[in-house]
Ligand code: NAD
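In structure tokens, one chain follows: the form predicted alone.
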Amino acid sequence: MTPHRNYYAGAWHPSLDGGTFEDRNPADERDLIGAFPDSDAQDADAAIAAVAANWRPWAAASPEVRANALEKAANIMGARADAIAAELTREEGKTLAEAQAEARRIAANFRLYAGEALRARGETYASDAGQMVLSLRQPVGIIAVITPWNFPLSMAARKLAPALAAGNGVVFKPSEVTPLMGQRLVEVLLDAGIPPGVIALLHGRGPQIGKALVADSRIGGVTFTGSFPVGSAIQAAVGTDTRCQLEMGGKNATVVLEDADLDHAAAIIVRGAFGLTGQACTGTSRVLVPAGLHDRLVERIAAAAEAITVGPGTLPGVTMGPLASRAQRDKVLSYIELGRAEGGRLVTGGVRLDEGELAHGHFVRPTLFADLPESSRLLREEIFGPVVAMRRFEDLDDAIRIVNDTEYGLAASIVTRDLAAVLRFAREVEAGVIKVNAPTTGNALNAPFGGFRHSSNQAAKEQSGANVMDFYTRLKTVYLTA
């Protein structure tokens, strides 16, 4: 078994000052997963220097070489998916079924971008006689990949694979909450034949290592998924020569219209709100409903929430695991107290589960609030946990206004059979992802994904689809004259 180390220059390294941090199971903090390097600026410098010295032969390799390596990575990941999924449940807390779904999807991501390695193209342009004008597509250089803990495999694969397919070198910084998943992905890529000098793995906590990584002039691009405050700090730290791609969360709403089937609507909302313990950037955190349907929909959502079995994700029958960390648990509980203080009606949930086998984990019951004031922070701020706020609306105009009344703009969904309402909703809602009769969560790996406003800086679409290759490559225009 590979020790828990940083990786660069073809070898595994402890942090240069010897510092470590602990990685523990969020379902039971007594379970120590391992100690990982607590890296700082000198470790970042060593990793960047190693990739800077080695990435260019990878860029010069034929597209078939890069595609074949990613295809092999897909095969390896497919073979290891169930074992890695079990580790993912232990490290991040999601249920085993959720972890298996994430782990098994990684192979498809690798295959998608293996194909993109072969599809890189330039163009020719009309020009004067005796001259040809054409563009060449080339890699950016070294990409800093900074990923979150909620989808530690999926988010990372959707950044690492296109970066490598385009011929870039990579310095990869996974979340300190899920460092083992970062290590497992790097092991897969190395075993698949990605040259050892092309990829570096850096573990660590705190802002120092991140700032050292993104502000380094040798970094050609930064791709980040996480919170808006951290994304804003990254944007401020990067130089003018460094391209920056930020995906920073959301405050996502589901709108239920008068003609909706309420049982279907409730199922959609519960899946979007409480799946993955509410820790998805596209998770449903607001529900908007006409006054005449409000109480009936509240009753259905509450009943479904109360039927959810909360516990360690490894146990049979458990449908919602713990929050991923003590800090995340405390944040969610603080928002629940805020909802009470704001005068909201706590319909169900709102409590920490800390007895018996749950005593040493970060468990919170699925929570539903109703009758919150319009100014409520629960209706405006990202909570990132299993907490849903209900809100009445008067008509479609009012619903669209409320959906847009937030700093974020990632995902929104509408439940209706009214095609005219769907078209208006799709045109007028300020969100990058619009769902119809479906949860706000989930996206196709081959479709664009990204948000507006504080959800994204709109630098090529961040997370999926072929058009992300525009971020990982740059164009050079060549004039050929006879």
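These figures come from a predicted structure and were not determined experimentally. In this text, residue numbers run from 1 along the sequence as written.
The same protein also has a form predicted in complex with the ligand, omitted here; what follows describes it.
Heavy atoms within 4.5 Å of the ligand in the predicted bound form are found in one stretch of 385-393, 352-360, 166-174, 131-139, which is 166-174.
This chain is drawn without the ligand; in the predicted bound form, the residue among Leu410, Ala103, Ala253, Ile301 with a heavy atom within 4.5 Å of it is Leu410. Think of it this way: in the predicted bound form, the ligand has a heavy atom of just one of Arg243, His294, Lys211, Arg326 within 4.5 Å, and the residue is Lys211. By the criterion of a heavy atom within 4.5 Å, Ala161 is excluded from the residues contacting the ligand in the predicted bound form. Among heavy atoms of Gly343, none comes within 4.5 Å of the ligand in the predicted bound form. With a 4.5 Å cutoff on heavy atoms, Ala86 does not count as touching the ligand in the predicted bound form; it lies far away. At a distance threshold of 4.5 angstroms between non-hydrogen atoms, Tyr335 is out of contact with the ligand in the predicted bound form. Taking the ligand as it sits in the predicted bound form, the stretch 244-264 comes within 4.5 angstroms of it through a non-hydrogen atom at Glu247, Met248, Gly249, Gly250.
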